[in-house]
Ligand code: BES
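What follows is a single chain, given as C-alpha coordinates, in the form predicted on its own.
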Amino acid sequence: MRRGAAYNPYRPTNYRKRDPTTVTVLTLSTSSAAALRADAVVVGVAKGAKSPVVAAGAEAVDKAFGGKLAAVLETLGATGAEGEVTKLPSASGLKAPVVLAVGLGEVPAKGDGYDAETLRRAAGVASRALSGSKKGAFALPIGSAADAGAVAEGALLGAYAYDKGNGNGKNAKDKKNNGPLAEVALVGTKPRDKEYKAAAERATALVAEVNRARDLINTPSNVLTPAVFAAEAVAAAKEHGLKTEVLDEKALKKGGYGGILGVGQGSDAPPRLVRIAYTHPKAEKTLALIGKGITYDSGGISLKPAGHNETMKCDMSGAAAVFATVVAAAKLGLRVNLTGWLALAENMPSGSATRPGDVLSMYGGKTVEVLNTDAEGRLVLADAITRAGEEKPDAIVDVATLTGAMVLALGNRTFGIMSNDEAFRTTLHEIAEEAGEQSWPMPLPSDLRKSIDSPVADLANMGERMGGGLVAGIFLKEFVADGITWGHLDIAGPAFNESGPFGYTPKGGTGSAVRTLVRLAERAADGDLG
(Lines give C-alpha, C1' and ligand atoms only; values in the text may rest on other atoms or scores of the structure.)
Protein backbone atom coordinates (compact mmCIF):
# COMPACT_ATOMS: atom_id res chain seq x y z
CA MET A 1 0.00 0.00 0.00
CA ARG A 2 1.11 3.53 -0.62
CA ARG A 3 2.53 5.76 2.04
CA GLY A 4 2.29 9.52 1.66
CA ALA A 5 2.58 12.84 3.41
CA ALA A 6 0.37 13.88 6.29
CA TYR A 7 -2.78 15.94 5.88
CA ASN A 8 -2.16 19.57 4.99
CA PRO A 9 -4.96 21.75 6.43
CA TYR A 10 -7.10 23.98 4.25
CA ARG A 11 -5.52 27.23 3.19
CA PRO A 12 -7.57 30.28 2.14
CA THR A 13 -7.12 29.97 -1.62
CA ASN A 14 -5.57 26.54 -1.89
CA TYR A 15 -7.28 23.38 -0.69
CA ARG A 16 -4.74 20.58 -0.53
CA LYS A 17 -4.88 17.17 0.96
CA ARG A 18 -2.58 14.22 0.61
CA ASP A 19 -3.60 10.80 1.78
CA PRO A 20 -1.73 7.51 2.19
CA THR A 21 -3.89 6.04 -0.58
CA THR A 22 -3.54 8.76 -3.22
CA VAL A 23 -0.71 10.69 -4.86
CA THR A 24 -2.82 13.40 -6.51
CA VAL A 25 -3.41 16.80 -4.90
CA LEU A 26 -6.73 18.64 -5.25
CA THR A 27 -6.62 22.45 -5.43
CA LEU A 28 -9.46 24.96 -5.43
CA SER A 29 -8.53 28.15 -7.26
CA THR A 30 -10.19 31.49 -7.91
CA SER A 31 -7.98 32.02 -10.95
CA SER A 32 -9.42 32.02 -14.44
CA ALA A 33 -8.61 29.26 -16.90
CA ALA A 34 -6.44 31.70 -18.85
CA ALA A 35 -4.36 32.90 -15.91
CA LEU A 36 -3.55 29.63 -14.12
CA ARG A 37 -0.18 28.06 -14.87
CA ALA A 38 -0.57 24.36 -15.65
CA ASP A 39 0.56 21.71 -18.13
CA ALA A 40 -2.89 21.80 -19.73
CA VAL A 41 -6.24 23.47 -19.31
CA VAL A 42 -9.26 21.16 -19.56
CA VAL A 43 -12.45 22.42 -21.18
CA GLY A 44 -15.73 20.75 -21.97
CA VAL A 45 -17.27 20.45 -25.43
CA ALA A 46 -20.79 19.18 -26.09
CA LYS A 47 -22.69 17.87 -29.10
CA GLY A 48 -24.75 20.71 -30.54
CA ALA A 49 -27.54 20.40 -33.09
CA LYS A 50 -25.15 20.96 -35.99
CA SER A 51 -21.70 21.51 -34.51
CA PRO A 52 -19.81 21.16 -31.23
CA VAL A 53 -20.49 23.68 -28.48
CA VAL A 54 -17.92 24.87 -25.94
CA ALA A 55 -19.33 24.36 -22.45
CA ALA A 56 -19.53 26.91 -19.65
CA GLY A 57 -16.33 27.40 -17.69
CA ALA A 58 -14.18 27.77 -20.81
CA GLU A 59 -15.12 31.38 -21.63
CA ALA A 60 -11.60 32.70 -21.02
CA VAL A 61 -10.11 29.96 -23.18
CA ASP A 62 -12.61 30.61 -25.95
CA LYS A 63 -11.80 34.33 -25.80
CA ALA A 64 -8.11 33.55 -26.29
CA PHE A 65 -9.09 31.77 -29.51
CA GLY A 66 -11.01 34.81 -30.65
CA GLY A 67 -14.33 33.15 -29.88
CA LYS A 68 -13.60 30.41 -32.42
CA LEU A 69 -12.59 27.52 -30.14
CA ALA A 70 -15.61 25.45 -31.21
CA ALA A 71 -14.75 25.93 -34.86
CA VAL A 72 -11.13 24.96 -34.29
CA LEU A 73 -12.20 21.82 -32.42
CA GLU A 74 -14.63 20.89 -35.19
CA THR A 75 -11.83 21.28 -37.75
CA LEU A 76 -9.78 18.84 -35.68
CA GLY A 77 -12.63 16.33 -35.77
CA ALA A 78 -14.15 16.92 -32.35
CA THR A 79 -17.88 16.29 -32.06
CA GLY A 80 -18.49 16.62 -28.32
CA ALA A 81 -19.34 12.94 -27.94
CA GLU A 82 -19.03 11.62 -24.40
CA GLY A 83 -15.50 10.48 -23.62
CA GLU A 84 -13.94 12.09 -26.68
CA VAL A 85 -10.57 13.82 -26.14
CA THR A 86 -9.01 16.47 -28.39
CA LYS A 87 -5.67 18.14 -27.68
CA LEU A 88 -4.49 21.35 -29.32
CA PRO A 89 -1.82 23.99 -28.72
CA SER A 90 -2.91 26.98 -26.66
CA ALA A 91 -3.60 30.39 -28.10
CA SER A 92 -1.82 33.57 -27.07
CA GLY A 93 -2.92 34.76 -23.64
CA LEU A 94 -3.20 31.31 -22.00
CA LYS A 95 -0.64 30.30 -19.38
CA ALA A 96 -1.11 26.59 -20.08
CA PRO A 97 0.64 25.40 -23.28
CA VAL A 98 -2.03 22.82 -24.14
CA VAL A 99 -5.83 22.83 -24.28
CA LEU A 100 -7.51 19.51 -23.71
CA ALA A 101 -11.17 19.38 -24.78
CA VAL A 102 -13.20 16.51 -23.39
CA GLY A 103 -16.61 15.46 -24.71
CA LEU A 104 -19.68 15.89 -22.49
CA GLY A 105 -22.29 14.36 -24.78
CA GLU A 106 -25.53 16.08 -25.69
CA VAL A 107 -26.11 19.71 -24.75
CA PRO A 108 -28.53 19.75 -21.78
CA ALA A 109 -32.09 20.99 -22.22
CA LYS A 110 -32.43 24.74 -21.89
CA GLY A 111 -31.91 25.79 -18.28
CA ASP A 112 -30.54 22.42 -17.19
CA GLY A 113 -26.93 21.87 -16.22
CA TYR A 114 -24.85 18.76 -16.76
CA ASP A 115 -25.64 15.97 -14.33
CA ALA A 116 -23.06 14.89 -11.78
CA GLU A 117 -22.14 11.64 -13.51
CA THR A 118 -21.48 13.39 -16.82
CA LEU A 119 -19.09 15.75 -15.03
CA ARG A 120 -17.42 12.88 -13.18
CA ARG A 121 -16.81 10.88 -16.34
CA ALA A 122 -15.53 13.85 -18.35
CA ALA A 123 -13.14 14.83 -15.57
CA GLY A 124 -11.96 11.24 -15.29
CA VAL A 125 -11.27 10.98 -19.02
CA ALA A 126 -9.30 14.24 -18.91
CA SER A 127 -7.34 13.15 -15.87
CA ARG A 128 -6.32 9.89 -17.54
CA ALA A 129 -5.34 11.78 -20.69
CA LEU A 130 -3.03 13.96 -18.57
CA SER A 131 -1.23 11.01 -16.98
CA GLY A 132 2.35 11.97 -16.21
CA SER A 133 1.61 15.71 -16.08
CA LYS A 134 2.32 17.84 -13.04
CA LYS A 135 -0.82 19.96 -13.11
CA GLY A 136 -4.13 20.11 -14.92
CA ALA A 137 -6.40 23.18 -14.75
CA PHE A 138 -9.99 21.94 -14.97
CA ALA A 139 -12.30 24.54 -16.50
CA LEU A 140 -15.34 22.31 -16.82
CA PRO A 141 -18.87 23.68 -16.16
CA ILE A 142 -18.92 24.23 -12.39
CA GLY A 143 -21.96 26.22 -11.32
CA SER A 144 -22.24 25.01 -7.74
CA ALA A 145 -20.40 23.25 -4.94
CA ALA A 146 -22.08 20.01 -6.01
CA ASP A 147 -20.65 20.42 -9.51
CA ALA A 148 -17.22 21.09 -8.03
CA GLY A 149 -17.50 17.93 -5.96
CA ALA A 150 -18.44 15.86 -9.02
CA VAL A 151 -15.56 17.22 -11.11
CA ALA A 152 -13.12 16.73 -8.24
CA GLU A 153 -14.33 13.19 -7.65
CA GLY A 154 -14.08 12.21 -11.32
CA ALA A 155 -10.67 13.81 -11.80
CA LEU A 156 -9.20 12.16 -8.71
CA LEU A 157 -10.71 8.79 -9.59
CA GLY A 158 -9.30 9.06 -13.10
CA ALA A 159 -5.86 9.95 -11.77
CA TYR A 160 -5.44 6.55 -10.11
CA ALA A 161 -2.40 4.40 -10.87
CA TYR A 162 -1.63 1.19 -9.02
CA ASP A 163 1.52 1.46 -6.93
CA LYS A 164 3.60 -1.56 -7.85
CA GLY A 165 6.00 -1.12 -5.00
CA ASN A 166 8.05 2.07 -5.06
CA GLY A 167 5.54 4.32 -3.32
CA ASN A 168 5.04 7.00 -5.94
CA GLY A 169 2.28 5.61 -8.12
CA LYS A 170 4.46 4.11 -10.84
CA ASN A 171 6.79 1.21 -11.38
CA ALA A 172 10.40 2.36 -11.40
CA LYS A 173 11.26 -0.34 -13.95
CA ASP A 174 8.40 0.60 -16.28
CA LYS A 175 9.56 3.58 -18.31
CA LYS A 176 6.21 3.80 -20.11
CA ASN A 177 4.28 4.33 -16.89
CA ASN A 178 4.46 8.05 -16.15
CA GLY A 179 2.33 7.92 -13.03
CA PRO A 180 -0.93 9.75 -12.40
CA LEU A 181 -1.64 13.45 -12.83
CA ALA A 182 0.04 15.09 -9.83
CA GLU A 183 -2.35 17.99 -9.24
CA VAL A 184 -5.97 18.67 -10.11
CA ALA A 185 -6.82 22.38 -9.99
CA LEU A 186 -10.48 23.40 -10.22
CA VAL A 187 -10.56 26.92 -11.66
CA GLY A 188 -13.17 29.57 -11.01
CA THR A 189 -14.22 27.96 -7.71
CA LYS A 190 -14.78 29.45 -4.25
CA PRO A 191 -12.11 28.07 -1.93
CA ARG A 192 -13.31 30.16 1.03
CA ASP A 193 -16.91 29.01 0.68
CA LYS A 194 -17.95 26.37 3.24
CA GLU A 195 -19.93 24.34 0.71
CA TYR A 196 -17.04 24.24 -1.76
CA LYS A 197 -14.62 23.31 1.00
CA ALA A 198 -16.94 20.52 2.16
CA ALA A 199 -17.32 19.21 -1.40
CA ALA A 200 -13.55 19.14 -1.86
CA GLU A 201 -13.04 17.46 1.53
CA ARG A 202 -15.61 14.80 0.72
CA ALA A 203 -14.24 14.11 -2.77
CA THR A 204 -10.70 13.77 -1.47
CA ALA A 205 -11.61 11.45 1.39
CA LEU A 206 -13.97 9.36 -0.71
CA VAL A 207 -11.58 8.87 -3.62
CA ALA A 208 -8.70 8.06 -1.27
CA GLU A 209 -10.76 5.17 0.07
CA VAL A 210 -11.90 4.01 -3.37
CA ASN A 211 -8.20 3.93 -4.21
CA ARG A 212 -7.47 1.98 -1.03
CA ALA A 213 -9.93 -0.64 -2.22
CA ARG A 214 -8.44 -0.60 -5.73
CA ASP A 215 -4.94 -1.12 -4.35
CA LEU A 216 -6.05 -4.06 -2.25
CA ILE A 217 -7.84 -5.67 -5.19
CA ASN A 218 -4.83 -5.22 -7.47
CA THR A 219 -2.40 -6.70 -4.94
CA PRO A 220 -1.31 -10.23 -5.93
CA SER A 221 -2.75 -13.04 -3.84
CA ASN A 222 0.67 -14.32 -2.78
CA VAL A 223 1.15 -10.93 -1.09
CA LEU A 224 -2.37 -10.26 0.19
CA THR A 225 -3.24 -13.31 2.27
CA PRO A 226 -6.10 -13.25 4.81
CA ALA A 227 -3.62 -12.50 7.60
CA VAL A 228 -2.02 -9.63 5.67
CA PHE A 229 -5.44 -8.18 4.81
CA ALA A 230 -6.38 -8.34 8.49
CA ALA A 231 -3.13 -6.59 9.41
CA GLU A 232 -3.92 -3.79 6.91
CA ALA A 233 -7.28 -3.29 8.64
CA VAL A 234 -5.69 -3.18 12.08
CA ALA A 235 -3.12 -0.62 10.91
CA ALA A 236 -5.78 1.63 9.37
CA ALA A 237 -7.90 1.31 12.49
CA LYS A 238 -5.06 2.56 14.67
CA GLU A 239 -4.51 5.51 12.32
CA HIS A 240 -8.17 6.57 12.26
CA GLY A 241 -9.31 5.71 15.78
CA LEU A 242 -11.37 2.65 14.87
CA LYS A 243 -11.91 -0.48 16.92
CA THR A 244 -10.88 -3.85 15.54
CA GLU A 245 -11.18 -7.47 16.49
CA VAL A 246 -9.47 -10.22 14.50
CA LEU A 247 -10.49 -13.85 14.85
CA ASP A 248 -7.74 -16.22 13.70
CA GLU A 249 -8.26 -19.89 12.85
CA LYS A 250 -8.18 -20.92 16.51
CA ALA A 251 -10.76 -18.34 17.54
CA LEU A 252 -12.91 -19.21 14.52
CA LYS A 253 -12.89 -22.87 15.51
CA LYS A 254 -13.72 -22.05 19.11
CA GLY A 255 -16.57 -19.78 17.99
CA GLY A 256 -18.04 -22.34 15.60
CA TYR A 257 -17.53 -20.40 12.34
CA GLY A 258 -17.87 -23.47 10.14
CA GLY A 259 -18.46 -21.57 6.92
CA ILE A 260 -15.28 -19.50 7.01
CA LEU A 261 -13.22 -22.42 8.31
CA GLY A 262 -14.68 -24.79 5.74
CA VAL A 263 -13.72 -22.51 2.86
CA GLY A 264 -10.24 -21.77 4.20
CA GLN A 265 -9.19 -25.21 5.42
CA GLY A 266 -7.61 -26.24 2.12
CA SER A 267 -5.10 -23.40 2.14
CA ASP A 268 -1.77 -22.93 3.90
CA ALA A 269 -2.89 -19.32 4.50
CA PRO A 270 -5.50 -19.63 7.28
CA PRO A 271 -8.73 -17.59 7.33
CA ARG A 272 -9.64 -14.55 9.39
CA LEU A 273 -12.79 -12.71 10.41
CA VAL A 274 -12.19 -9.02 11.04
CA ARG A 275 -14.56 -6.67 12.80
CA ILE A 276 -13.70 -3.00 12.21
CA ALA A 277 -16.01 -0.42 13.77
CA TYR A 278 -16.53 3.31 13.62
CA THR A 279 -18.80 4.96 16.18
CA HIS A 280 -20.09 8.50 16.57
CA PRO A 281 -21.29 9.79 19.96
CA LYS A 282 -24.40 11.37 18.40
CA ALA A 283 -25.28 8.51 16.05
CA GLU A 284 -28.90 7.38 15.91
CA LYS A 285 -28.50 4.64 13.30
CA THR A 286 -26.22 1.60 13.12
CA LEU A 287 -25.26 -0.19 9.93
CA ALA A 288 -23.45 -3.50 9.58
CA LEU A 289 -21.52 -3.98 6.34
CA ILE A 290 -20.24 -7.42 5.41
CA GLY A 291 -17.64 -8.08 2.71
CA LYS A 292 -16.69 -11.28 0.96
CA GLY A 293 -12.92 -11.50 1.25
CA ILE A 294 -11.70 -14.50 -0.71
CA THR A 295 -8.11 -13.41 -1.31
CA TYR A 296 -7.78 -16.06 -4.00
CA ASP A 297 -10.46 -18.35 -5.37
CA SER A 298 -9.32 -21.45 -7.22
CA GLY A 299 -12.77 -22.98 -6.83
CA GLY A 300 -11.40 -25.48 -4.33
CA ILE A 301 -12.00 -29.15 -5.16
CA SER A 302 -14.62 -27.94 -7.67
CA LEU A 303 -11.70 -26.39 -9.54
CA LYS A 304 -12.35 -23.54 -11.94
CA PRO A 305 -11.59 -24.34 -15.59
CA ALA A 306 -8.54 -22.90 -17.35
CA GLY A 307 -9.02 -19.26 -18.24
CA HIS A 308 -11.14 -18.50 -15.18
CA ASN A 309 -8.40 -18.32 -12.55
CA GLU A 310 -6.19 -15.46 -13.66
CA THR A 311 -8.16 -12.60 -12.07
CA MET A 312 -9.34 -14.39 -8.96
CA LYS A 313 -7.24 -12.16 -6.73
CA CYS A 314 -10.23 -9.81 -7.09
CA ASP A 315 -12.59 -12.12 -5.18
CA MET A 316 -12.00 -10.04 -2.04
CA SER A 317 -13.44 -6.89 -3.63
CA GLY A 318 -16.44 -6.89 -1.30
CA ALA A 319 -14.26 -6.92 1.80
CA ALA A 320 -12.08 -4.18 0.30
CA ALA A 321 -15.18 -2.05 -0.29
CA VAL A 322 -16.44 -2.55 3.26
CA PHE A 323 -13.03 -1.80 4.79
CA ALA A 324 -12.67 1.37 2.70
CA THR A 325 -16.19 2.53 3.56
CA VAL A 326 -15.64 2.31 7.32
CA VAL A 327 -12.42 4.34 7.03
CA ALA A 328 -14.17 6.89 4.80
CA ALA A 329 -16.94 7.32 7.38
CA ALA A 330 -14.31 8.01 10.03
CA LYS A 331 -12.53 10.57 7.84
CA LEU A 332 -15.80 12.34 7.10
CA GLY A 333 -16.97 12.18 10.72
CA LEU A 334 -20.39 10.83 9.74
CA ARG A 335 -22.99 10.73 12.51
CA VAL A 336 -23.61 7.01 12.20
CA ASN A 337 -22.31 3.82 13.78
CA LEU A 338 -20.72 1.62 11.14
CA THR A 339 -19.41 -1.90 11.69
CA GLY A 340 -17.54 -3.68 8.94
CA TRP A 341 -17.12 -7.44 8.87
CA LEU A 342 -14.37 -8.79 6.60
CA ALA A 343 -14.82 -12.52 5.98
CA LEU A 344 -11.34 -13.48 4.75
CA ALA A 345 -10.23 -16.83 3.39
CA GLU A 346 -8.31 -18.41 0.53
CA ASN A 347 -10.18 -21.13 -1.38
CA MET A 348 -7.67 -23.78 -2.43
CA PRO A 349 -7.72 -27.52 -3.25
CA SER A 350 -5.62 -29.82 -1.08
CA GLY A 351 -5.88 -32.95 1.00
CA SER A 352 -7.48 -30.94 3.80
CA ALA A 353 -9.94 -29.00 1.60
CA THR A 354 -13.71 -29.25 1.95
CA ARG A 355 -15.13 -31.79 -0.53
CA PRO A 356 -18.39 -31.68 -2.47
CA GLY A 357 -20.87 -33.55 -0.31
CA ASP A 358 -19.36 -32.44 3.01
CA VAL A 359 -21.66 -30.85 5.59
CA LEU A 360 -20.55 -27.74 7.47
CA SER A 361 -21.92 -26.54 10.79
CA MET A 362 -22.25 -22.78 10.42
CA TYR A 363 -21.99 -20.07 13.04
CA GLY A 364 -25.33 -20.08 14.80
CA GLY A 365 -25.94 -23.80 14.32
CA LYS A 366 -27.41 -24.24 10.84
CA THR A 367 -25.89 -26.97 8.70
CA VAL A 368 -25.04 -26.66 5.01
CA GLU A 369 -24.33 -29.39 2.49
CA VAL A 370 -21.55 -28.20 0.18
CA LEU A 371 -22.48 -29.34 -3.32
CA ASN A 372 -19.97 -27.05 -5.03
CA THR A 373 -16.86 -25.73 -3.32
CA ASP A 374 -16.73 -22.90 -5.85
CA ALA A 375 -19.90 -21.50 -4.27
CA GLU A 376 -17.76 -20.50 -1.31
CA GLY A 377 -18.54 -16.81 -0.96
CA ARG A 378 -22.01 -17.41 0.40
CA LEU A 379 -20.52 -19.69 3.07
CA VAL A 380 -18.17 -17.07 4.53
CA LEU A 381 -20.85 -14.38 4.24
CA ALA A 382 -23.41 -16.54 6.04
CA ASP A 383 -21.21 -16.82 9.14
CA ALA A 384 -20.59 -13.06 9.16
CA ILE A 385 -24.27 -12.20 8.57
CA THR A 386 -25.32 -14.34 11.52
CA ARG A 387 -22.65 -12.82 13.76
CA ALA A 388 -23.48 -9.25 12.68
CA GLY A 389 -27.16 -9.85 13.39
CA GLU A 390 -26.41 -10.54 17.05
CA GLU A 391 -25.58 -6.85 17.46
CA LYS A 392 -29.04 -5.88 16.16
CA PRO A 393 -28.07 -3.17 13.66
CA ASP A 394 -30.72 -1.12 11.89
CA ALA A 395 -29.68 -2.72 8.62
CA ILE A 396 -27.18 -5.21 7.23
CA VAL A 397 -25.71 -4.89 3.75
CA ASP A 398 -23.36 -7.50 2.33
CA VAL A 399 -21.15 -6.90 -0.69
CA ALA A 400 -19.61 -9.66 -2.76
CA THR A 401 -18.24 -10.75 -6.10
CA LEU A 402 -20.66 -13.60 -5.65
CA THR A 403 -21.94 -15.12 -8.89
CA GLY A 404 -21.09 -15.36 -12.56
CA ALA A 405 -24.82 -15.54 -13.10
CA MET A 406 -25.12 -11.87 -12.12
CA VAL A 407 -22.58 -10.95 -14.78
CA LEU A 408 -24.60 -12.87 -17.36
CA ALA A 409 -27.74 -11.05 -16.26
CA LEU A 410 -26.43 -7.49 -15.92
CA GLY A 411 -23.08 -7.33 -17.72
CA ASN A 412 -19.71 -6.08 -16.57
CA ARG A 413 -20.65 -2.60 -15.34
CA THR A 414 -23.81 -3.11 -13.29
CA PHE A 415 -24.24 -4.76 -9.90
CA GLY A 416 -27.38 -6.47 -8.69
CA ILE A 417 -29.31 -5.51 -5.55
CA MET A 418 -31.44 -7.91 -3.51
CA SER A 419 -33.17 -7.37 -0.19
CA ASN A 420 -35.72 -8.80 2.22
CA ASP A 421 -37.42 -5.39 2.13
CA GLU A 422 -38.66 -3.92 -1.15
CA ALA A 423 -38.44 -0.31 0.06
CA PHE A 424 -34.84 -0.81 1.19
CA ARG A 425 -33.94 -2.41 -2.14
CA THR A 426 -35.36 0.66 -3.89
CA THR A 427 -33.40 2.94 -1.55
CA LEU A 428 -30.15 1.11 -2.30
CA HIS A 429 -30.80 1.44 -6.03
CA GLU A 430 -31.48 5.17 -5.68
CA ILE A 431 -28.37 5.63 -3.56
CA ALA A 432 -26.20 3.86 -6.12
CA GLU A 433 -27.58 6.16 -8.80
CA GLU A 434 -26.78 9.20 -6.65
CA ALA A 435 -23.25 7.92 -6.17
CA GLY A 436 -22.75 7.33 -9.89
CA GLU A 437 -22.63 3.53 -9.76
CA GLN A 438 -24.73 1.39 -12.09
CA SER A 439 -27.04 -1.06 -10.32
CA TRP A 440 -30.31 -2.89 -10.83
CA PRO A 441 -32.86 -4.27 -8.34
CA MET A 442 -33.26 -8.05 -8.50
CA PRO A 443 -35.99 -10.29 -7.01
CA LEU A 444 -35.79 -13.15 -4.52
CA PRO A 445 -38.44 -15.52 -5.97
CA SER A 446 -39.88 -17.78 -3.30
CA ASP A 447 -40.21 -20.67 -5.74
CA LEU A 448 -36.42 -20.95 -5.94
CA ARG A 449 -36.08 -21.60 -2.19
CA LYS A 450 -36.96 -25.28 -2.55
CA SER A 451 -33.98 -25.82 -4.83
CA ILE A 452 -31.54 -25.38 -1.91
CA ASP A 453 -33.21 -28.03 0.25
CA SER A 454 -30.84 -30.82 1.30
CA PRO A 455 -31.58 -34.37 2.47
CA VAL A 456 -28.62 -34.33 4.88
CA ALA A 457 -28.47 -30.71 6.11
CA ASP A 458 -30.65 -27.68 6.77
CA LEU A 459 -29.86 -26.42 3.28
CA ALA A 460 -27.41 -26.79 0.40
CA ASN A 461 -25.05 -24.16 -0.96
CA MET A 462 -26.31 -24.70 -4.53
CA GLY A 463 -29.75 -24.76 -6.11
CA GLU A 464 -31.22 -24.26 -9.55
CA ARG A 465 -28.63 -23.29 -12.14
CA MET A 466 -30.93 -20.87 -13.92
CA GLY A 467 -31.23 -17.77 -11.76
CA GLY A 468 -28.10 -18.73 -9.86
CA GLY A 469 -27.50 -15.18 -8.67
CA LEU A 470 -30.98 -15.08 -7.16
CA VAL A 471 -30.47 -18.50 -5.54
CA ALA A 472 -27.31 -17.16 -3.87
CA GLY A 473 -29.33 -14.25 -2.47
CA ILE A 474 -32.01 -16.62 -1.20
CA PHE A 475 -29.31 -18.68 0.53
CA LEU A 476 -27.94 -15.59 2.31
CA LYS A 477 -31.41 -14.49 3.36
CA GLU A 478 -31.68 -17.69 5.42
CA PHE A 479 -29.00 -16.32 7.77
CA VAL A 480 -30.54 -12.90 8.38
CA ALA A 481 -32.10 -12.64 11.83
CA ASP A 482 -35.83 -11.94 12.03
CA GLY A 483 -36.70 -8.27 12.10
CA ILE A 484 -33.44 -7.04 10.54
CA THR A 485 -33.49 -5.19 7.23
CA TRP A 486 -30.94 -6.70 4.85
CA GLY A 487 -29.53 -5.86 1.44
CA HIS A 488 -27.18 -7.79 -0.83
CA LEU A 489 -24.97 -6.26 -3.53
CA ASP A 490 -23.57 -8.72 -6.07
CA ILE A 491 -20.69 -6.77 -7.63
CA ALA A 492 -19.24 -9.66 -9.67
CA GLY A 493 -19.48 -7.65 -12.89
CA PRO A 494 -18.06 -4.19 -12.10
CA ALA A 495 -15.54 -5.10 -9.38
CA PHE A 496 -12.69 -5.88 -11.78
CA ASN A 497 -12.29 -4.29 -15.20
CA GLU A 498 -10.50 -6.67 -17.56
CA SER A 499 -10.93 -4.39 -20.59
CA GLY A 500 -9.41 -0.97 -21.18
CA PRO A 501 -10.02 2.02 -18.89
CA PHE A 502 -13.05 4.22 -19.47
CA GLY A 503 -14.32 7.41 -17.87
CA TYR A 504 -12.79 7.48 -14.40
CA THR A 505 -12.58 3.67 -14.23
CA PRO A 506 -9.11 2.09 -14.52
CA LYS A 507 -8.20 -1.32 -15.76
CA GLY A 508 -8.09 -3.82 -12.88
CA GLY A 509 -9.66 -3.22 -9.48
CA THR A 510 -12.36 -0.55 -9.60
CA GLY A 511 -13.41 -0.06 -5.98
CA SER A 512 -17.01 -0.86 -6.93
CA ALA A 513 -19.64 -0.21 -4.23
CA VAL A 514 -17.47 2.03 -2.04
CA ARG A 515 -19.24 5.18 -3.23
CA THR A 516 -22.65 3.55 -2.81
CA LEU A 517 -21.87 2.37 0.71
CA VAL A 518 -20.50 5.75 1.75
CA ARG A 519 -23.63 7.42 0.39
CA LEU A 520 -25.71 4.88 2.34
CA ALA A 521 -23.81 5.79 5.50
CA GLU A 522 -24.45 9.49 4.82
CA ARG A 523 -28.16 8.81 4.36
CA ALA A 524 -28.20 6.80 7.60
CA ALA A 525 -26.48 9.69 9.36
CA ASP A 526 -29.38 11.85 8.22
CA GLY A 527 -31.86 9.25 9.50
CA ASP A 528 -32.95 8.25 6.00
CA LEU A 529 -32.71 4.52 5.27
CA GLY A 530 -35.88 4.36 3.17
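Keep in mind that this is a model prediction, so the values were computed, not measured. From 1 onward, residues are counted along the sequence shown.
Keep in mind that the form predicted together with this ligand is not shown, yet the notes after this line are about it.
- Within 4.5 Å of some heavy atom of this ligand in the predicted complex lies at least one heavy atom of residue 372.
- Contact annotation: residue 211 falls outside 4.5 Å of this ligand in the predicted complex, judged by heavy atom distances.
- Interface residue remark: residue 432 is not counted as part of the site for this ligand in the predicted complex, having no heavy atom within 4.5 Å.
- This ligand in the predicted complex comes within 4.5 Å of no heavy atom belonging to residue 356.
- Looking at 88-96, 394-402, 214-222, 271-279, the stretch with residues near this ligand in the predicted complex, meaning non-hydrogen atoms within 4.5 angstroms, turns out to be 394-402.
- 315 is the sole member of 346, 153, 315, 437 with a non-hydrogen atom lying within 4.5 angstroms of this ligand in the predicted complex.
- Only one of the listed residues (240, 253, 190, 304) places a non-hydrogen atom within 4.5 angstroms of this ligand in the predicted complex, and that residue is 304.
- Looking at this ligand in the predicted complex, residues 292, 378 and 462 each place a heavy atom within 4.5 Å of it.
- In the predicted complex, just one residue of 486-512 lies within 4.5 Å of this ligand by at least one heavy atom: 492.
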